[in-house]
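Read on for two forms of one protein chain; each stands alone as structure tokens, with the labels structure 1 and structure 2.
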Structure 1
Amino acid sequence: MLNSETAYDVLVVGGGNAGLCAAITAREAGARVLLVEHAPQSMRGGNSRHTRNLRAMHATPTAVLTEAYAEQEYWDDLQRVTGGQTDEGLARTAIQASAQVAPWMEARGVRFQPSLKGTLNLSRTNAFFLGGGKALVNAYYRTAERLGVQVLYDTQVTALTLRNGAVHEAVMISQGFPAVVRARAVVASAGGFQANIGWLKQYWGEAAENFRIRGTPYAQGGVLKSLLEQGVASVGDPTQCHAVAIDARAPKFDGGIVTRLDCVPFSIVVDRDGQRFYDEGEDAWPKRYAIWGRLVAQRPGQIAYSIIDAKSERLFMPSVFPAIRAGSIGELATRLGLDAAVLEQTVRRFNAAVRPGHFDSQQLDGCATEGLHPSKSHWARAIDTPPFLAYPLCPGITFTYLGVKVNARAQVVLEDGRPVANLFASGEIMAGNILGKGYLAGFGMTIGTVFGRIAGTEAAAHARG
């Protein structure tokens, strides 16, 4: 139970990976820590409970990573997906620190498994959590509670009140009752506003009604909004978000990783008019999968269809929902509610443009189209072997990129350039400093882990000072 009279050294707002890393780090530094989580205990952990892996730099093979993944390659990959929209100093901090996070995580109960092979092909770059994100979250909560971190569930922070360049108090509703908490330092790790459909509609219009929210329904953006309204500097494009193509049969909220579809590179993707609209084989899937949610969001009705044939059925991790099957393209079109003649023509044109090459599902290959717009740059094979299969696609929003600006200490910065003396941030609420757009698989967890530890260290130091 919350006692508003208790003097806390560090208040951590948000109970996902970033907040937990901050709380554990601050507590290990000797701070008295309160962590508040909007969700009930059964849904604790924010989006982190749906994650699978973390992207890590390494110079030599490790127990769970193959070959090497050097800083420059990591940086080049980030530059490519963000188009240069990143703070290089903060980005390199995350990249460099990622080389040391695995031992720290293991010492606090997280376990890793050999990386999966297949569509993502991440054995060289990403360390996978044994049991997935939920096991990671549970391990961190056990560690935090063993260390003496006080945890409050069903507690929504509605405002962090700033006064004279510092957080004066946190206004919240805890288990249905209003409360105010004061702490010497605060770490904001409350995520973005992706579950706030009304806020999304300010930028996307009515199309946002057709979005699915892959993670927690509790990411309403209340803390972010409170800070921005009080003169905290914003960072990131409010129209940008981590949006992947997921199965359109997924639930509105909290469908998680299993609703994502990884078949796109081996398919053609058509909109509801039966027309292709983008290069399905543009680049390796870990570097491009996060563009497809936005692409589908821009199509009529925010719906598209990934179409493959029997040759490609076992090349990717299947969805939790079964494929829609048919013996012919025309029959498949009918089952999808598409114009059969149009879809048949689209497939014929694609098949005619495919040029022979060596097909390799594990890397960029020589199979491409010629004279077709849009082209398909890799993995282009004729769709000619029944049965024919389709998956309906819709935008699945993971997190938004609008956030608060931070400095190298993870300290939140005001619009006039001054840091807020006792306010730090980690995770999705500050990821826009590094991810201006685009995404690298596993990099969100890297940012949350690295800056969670930085924020926890700095908050504890401020509280002691």
Structure 2
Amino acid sequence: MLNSETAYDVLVVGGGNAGLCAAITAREAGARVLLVEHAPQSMRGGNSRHTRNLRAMHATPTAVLTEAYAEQEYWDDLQRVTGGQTDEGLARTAIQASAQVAPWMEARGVRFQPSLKGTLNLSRTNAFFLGGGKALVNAYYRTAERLGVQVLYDTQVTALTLRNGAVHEAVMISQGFPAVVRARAVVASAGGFQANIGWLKQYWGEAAENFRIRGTPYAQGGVLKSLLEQGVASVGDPTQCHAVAIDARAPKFDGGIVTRLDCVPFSIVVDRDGQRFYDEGEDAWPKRYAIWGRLVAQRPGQIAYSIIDAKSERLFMPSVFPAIRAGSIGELATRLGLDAAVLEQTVRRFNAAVRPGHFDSQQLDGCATEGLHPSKSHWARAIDTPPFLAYPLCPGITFTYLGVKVNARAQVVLEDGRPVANLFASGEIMAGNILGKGYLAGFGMTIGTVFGRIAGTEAAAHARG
């Protein structure tokens, strides 16, 4: 329970990867640290509990990464996905520091998987956590508690009150009761606002009701909102979020990685009206993964159906919900609640437009349609071999881009350019400084780890200095 008499040096808001790294670092520097986490213990760890890897620069092969991944290549990758919407100084800080994070993490209980052969060939750029993000979060909580960080679950910060350019107090509801905490320094690591459907509706309208939130329901953005209302400078487009197409049968929250569907490039995707609306074979799936959430969000009812035939059933990772099957396209349409005649016509037109070619699921194979709008540029094969299979798609929101602006010390900056003396930020809540748009797999955890450590160091120094 919270004892309001206790004097804390550092208050960390949010117990995901970024908050835990900050809390551990500050505690190791000698600070008295309180970490508050909105979720109950069983669901602690925010979106971090759903992650699987982090992107790390390295000059030579390591125990967990193959070959080399140099700073320049890392930077080029970031430039490509963000289209230049990145703060180069902060980005380079994250990239350079990523070379040292693995040993730091291992020393605090995180374990990595030896580089993988099969499933995802990211082991050159990304180090995989043994057991995934929840194992990582568990390890950090154990380490934090062993070091003497006080952890409070079921505690939601509702406001960080600024006074005279500094955080005066944190207002919270702790285990059902209102409370106020004062600390010499505060680290905000409360993630984005993607689970706040009301907030999403401001930009997406009623469509947001049909979104699934891939991660934690506790990403309500309360801390972010409180800070922006008090004149903290924002970064990132508030209307934008990272949205992928996931299985529409996914739970509203916390569906995580298993609701992912990799069948799109081998399929045709139709909307509720039975019509195709985008080139399914535009590029290799990892590169196109993230545009389909938005595409589906723009269709009526925010729903679409990815349809394949028996030939393609085994070409992609198994998914968690079984495909909807039928012996004919008409029957499949009925199962999906679509107009059978329309879907039959869509498939017939597609099949007629497919040009002969050498199909190869492993690369851009040039098997394309001709004279069809929209066209399909690769992996176009007639859908003609029963059973026919369908997966319903809906938008799955990973995170939002809106965040607070920070300087190189991870210090939160006001709209007039002055820093808030005792307020630092790490993780998703400030990732928009570096990832203005787009996404680089594994970069979220890198940003959280690197800036969590910087924020922890700076907060402890401020509190004790």
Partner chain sequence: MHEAETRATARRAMEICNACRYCEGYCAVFPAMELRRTFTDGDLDYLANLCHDCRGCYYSCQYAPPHEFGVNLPRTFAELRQVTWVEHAWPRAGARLFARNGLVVALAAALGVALVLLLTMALQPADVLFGVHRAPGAFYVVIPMAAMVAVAGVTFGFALLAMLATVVRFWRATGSGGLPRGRPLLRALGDVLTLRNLGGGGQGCNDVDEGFSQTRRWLHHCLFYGFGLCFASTTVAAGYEHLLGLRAPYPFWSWPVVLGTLGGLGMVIGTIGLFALKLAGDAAPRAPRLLGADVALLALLGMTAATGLVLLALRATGAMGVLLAVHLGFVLALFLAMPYSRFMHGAFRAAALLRNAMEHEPTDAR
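Source: prediction; values computed, not measured. What we label the rigid core is the largest C-alpha set whose atoms superpose within 1.5 Å from one form to the other. All residue numbers here refer to structure 1's sequence, counted from 1.
Structure 1 derives from the form predicted on its own, whereas structure 2 comes from the other one.
Put the two forms on the same core and the Cα of residue 237 is off by less than 2 Å between structures 1 and 2.
When the rigid core is held fixed, the Cα atom of residue 254 travels less than 2 angstroms between structures 1 and 2.
A movement of the C-alpha atom of residue 370 reaching 2 angstroms or beyond is seen between structures 1 and 2 when the two forms are aligned on their rigid core. On core superposition, residue 263 has its C-alpha offset by 3.3 angstrom between structures 1 and 2.
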